[in-house]
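A single chain comes next, written as structure tokens; it is the form predicted on its own.
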């Protein structure tokens, strides 16, 4: 079995990666910004049935060079899942972009120095779908236009961080080069292993609590977090995954379809009506996140995971079930009242 580093170990996706790696018998390292999270993470993994004796935690921060060499040294593979988090919209886009790019630089550069076999980078569908050219169907060949004025800070951060990783890999010389694979998930839902439910699950929470009065006309791809973790692990060792990007998405739907699924399942505060675009835009005058969302109104975005299925043999579970499982877990946690 391999020695694998997972960055951002306390995160929604990263902890699922660690859970599956431990289940498969790997020796796992995880990075956290503070080792004070150790008890919480070990308790969550133990509850999931994992043997945490195979897990070691290291302190490292995306904004600092210290700690990364120690965490990476001796690893066969690195899953770089950590991503900067800012609640809402940053005052300046660099608050997101700089730590995303610098963190990628620290991790990938350390992996290259220590001759890691392969890095699997968690990017996003956000690095693919903002082409602003009228396109509705996307593949791994597409890239978000970071120079377009309507591209948000988050979309820019994911795109620039991923491009920087590819640049670092391309600049290697000599033999024994580190390989790179990238996972580009759409909106990630599904059960959490801790009380840190993640941004997308929090939106489900708001819907079932009745805090979303009507569904904006938004269209996204959705995928279960467990399937995203599985995609990372498949890309880690599959011979044909080196040098490739993989969209991870189960299905696309309009927001009204998601809220209707919840309403029919008994979450009666979930709306069954649409919010007019003009009203979304008015709310956007007073709320920066809503203004950012308003740029996506009426925009269909299809992001099929055909490549991940054909190359990696990856399969995604039914996203309707994931939505309902998420809502049920939130209810059991007392977070949906």
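Positions refer to the first chain, counted from 1. Values in this document were obtained by computation on a predicted structure and should not be read as measured data.
Separately, the form predicted together with a small molecule exists; it is not shown, and the next lines address it.
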{"item": "Residue stretch of 294 to 302, 47 to 55, 60 to 68, 268 to 276 approaching the small molecule in the model of the complex, non-hydrogen atom distance within 4.5 Å", "value": "60 to 68"}
{"item": "One residue of 119, 229, 82, 208 in contact with the small molecule, assessed in the model of the complex (non-hydrogen atom, 4.5 angstroms)", "value": "82"}
{"item": "Partner-contacting position among 181, 144, 249, 124 - heavy atom within 4.5 Å of the small molecule in the model of the complex", "value": "124"}
{"item": "Residue 13 within 4.5 Å of the small molecule in the model of the complex, heavy atoms", "value": "yes"}
{"item": "Residue 199: touches the small molecule in the model of the complex, heavy atom cutoff 4.5 angstroms", "value": "yes"}
{"item": "Contact flag, residue 185 vs the small molecule in the model of the complex, heavy atom cut 4.5 Å", "value": "yes"}
{"item": "4.5 Å heavy atom contact, residue 37 to the small molecule in the model of the complex", "value": "yes"}
